[in-house]
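Here are two versions of the same chain, shown separately as structure tokens and labelled structure 1 and structure 2.
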Structure 1
Amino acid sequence: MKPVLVSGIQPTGKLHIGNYLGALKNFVDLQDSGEYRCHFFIADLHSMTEPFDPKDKRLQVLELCADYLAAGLDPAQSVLFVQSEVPAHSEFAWILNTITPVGELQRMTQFKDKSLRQEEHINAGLFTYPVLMAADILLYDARTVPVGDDQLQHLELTRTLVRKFNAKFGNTFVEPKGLLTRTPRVMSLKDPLKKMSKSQPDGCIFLDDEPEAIKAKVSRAVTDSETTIAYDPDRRPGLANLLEIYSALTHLEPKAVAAEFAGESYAELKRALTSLVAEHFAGFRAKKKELLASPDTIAKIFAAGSKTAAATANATMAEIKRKTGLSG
């Protein structure tokens, strides 16, 4: 049997090129490799930990479903599902909560960052977020979890919970491993020392951006006051970020990209990057529009995937209940 792979993205707004290069593109490549039994889900329960208007949530979920399909995830090859349609995720998260040390959760960088960002809404869900994530992974016995590097600390907690669960209730789970892409951390175009994040939209290239918007953002990307093009992430992070994005979309090494543009101006590199990005996502944009014109088709695909996922998750849940003594 091929090893199981699980990953998810939160439906919290438009995807940017950081989400794409750090996660979604990798999802598609891993699916197409044929080496894994892939499960990709919409992490809608996770997204409730951030402030939202209930009126928007269905649409955000639908959009992310369309993003998955438009990027190339294929229901014939991968199980595509919506987290909240598989209740076992919440049920198992509760059980894992009971073996999770509070101290481990207090160390989580994402919890600290988000608590600062949403001071008015520091909810318990934000705190126990990594526990739900562990449930997402373990219900499917996933061995491989492709994510951006900001999620590695959460995966480490999953591994800790596997050891705790096995020690307390008997050998049940195997520790999963994270899988990073070549660009696990795309930086903001506005501030190359910070990661690209939708909380700072003008530093993001969104996958839906039309060529004009891409041009405006790339041409204003912060670089440095030098004049030559060279790959030096420590001293010239802004330029390095542009070279890395170019590299990820062409499969050339960043140094090779720098060599290709040696002697050219920053403006020239930015023009080339603008065309590359605009062209790379042209098919995606068209496909996404087409998909969103028939939301029922999207809903059917994800309903079928959720049914398949639930069958696996429920079987694991039955075993968990036996092991923990909740059922005979």
Structure 2
Amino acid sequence: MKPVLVSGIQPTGKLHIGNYLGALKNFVDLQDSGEYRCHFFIADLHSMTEPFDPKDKRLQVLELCADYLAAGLDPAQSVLFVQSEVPAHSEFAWILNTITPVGELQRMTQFKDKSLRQEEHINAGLFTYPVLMAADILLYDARTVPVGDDQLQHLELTRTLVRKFNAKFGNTFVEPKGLLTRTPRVMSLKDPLKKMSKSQPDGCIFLDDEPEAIKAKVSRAVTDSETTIAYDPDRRPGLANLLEIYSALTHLEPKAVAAEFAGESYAELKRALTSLVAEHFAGFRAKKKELLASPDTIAKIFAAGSKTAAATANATMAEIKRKTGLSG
């Protein structure tokens, strides 16, 4: 039987091209490889660790569901579900909390980084985030977890918790392995020394940006005062960022892209990149508009996926409760 693969994205606003290249595109590639039984979820419980407006949350979930489908995730091939619609995630996270050493959580670099970014909203959920992530993975007996370098520490905690649970309650889980994914580091068009972020929308290409918006943002993208096109991330980060985006969408190496535009102006490179991005996401934009025009269809797809996910998760929880003495 094919191994189970689990991953999710937080609904915290519109997805940009960095989110697509770093996660969503990879989800579709993994699904289409035919090598895994894929489970992809909307991580709405995780998203509550950051400041949010309750009025916006359901809309953000709906938008991300549409993004999944428009990008090519197929409910006939993958289990697509909303995390909060499977209560076992929260229930198992609490049980795992009781065997998680505080010292392990204090070592998590993402907690330290996020605490600095949101000093007014440092909460216990932010601290125990990796425990919920472990529950997300183990409920489905996932053997494979696609991760970037920044998530390796969290996955190692999951492996630690598997060993602790098995030692305390009997052999139950297998340690999941990380599937390291090449995550292009897409930088802001306005400040190429910072990652692309929705908090700086002018430097951000959103997946559903119309061609005119893409053109305006790319044309104003920061480059440098030189006149030749060459790939030099250290000395010329703005130009390198444009070449890397072009590279990621064409599967050419950045140096090969630079060679292709040798002798051309920055303006020509920007025109070509604008056309490439607009064309690449044309089908996505059309499909997303079609989906959002019928929100009930989206809801039915994810309700069915959540029911399928819950059946698996509940069976796992039944075993967990037997092992931990919470049921007979």
Ligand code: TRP
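In this text, the rigid core denotes the largest set of C-alpha atoms whose superposition between the two forms falls within 1.5 Å. For numbering, take structure 1's sequence and count from 1. What you see is a predicted model, and the numbers here were worked out from it, not measured in a lab.
- The chain appears twice here, and it is structure 2 that represents the form predicted alone.
- Annotation for residue 159: C-alpha shift under 2 angstroms between structures 1 and 2, rigid core superposed.
- A movement of the C-alpha atom of residue 195 reaching 2 angstroms or beyond is seen between structures 1 and 2 when the two forms are aligned on their rigid core.
- After superposition on the rigid core, the Cα of residue 266 moves by 2 Å or more between structures 1 and 2.
- After superposing on the rigid core, the C-alpha of residue 239 is displaced by 4.4 Å between structures 1 and 2.
- Relative to the superposed rigid core, residue 210 shifts its CA by 2.4 Å between structures 1 and 2.
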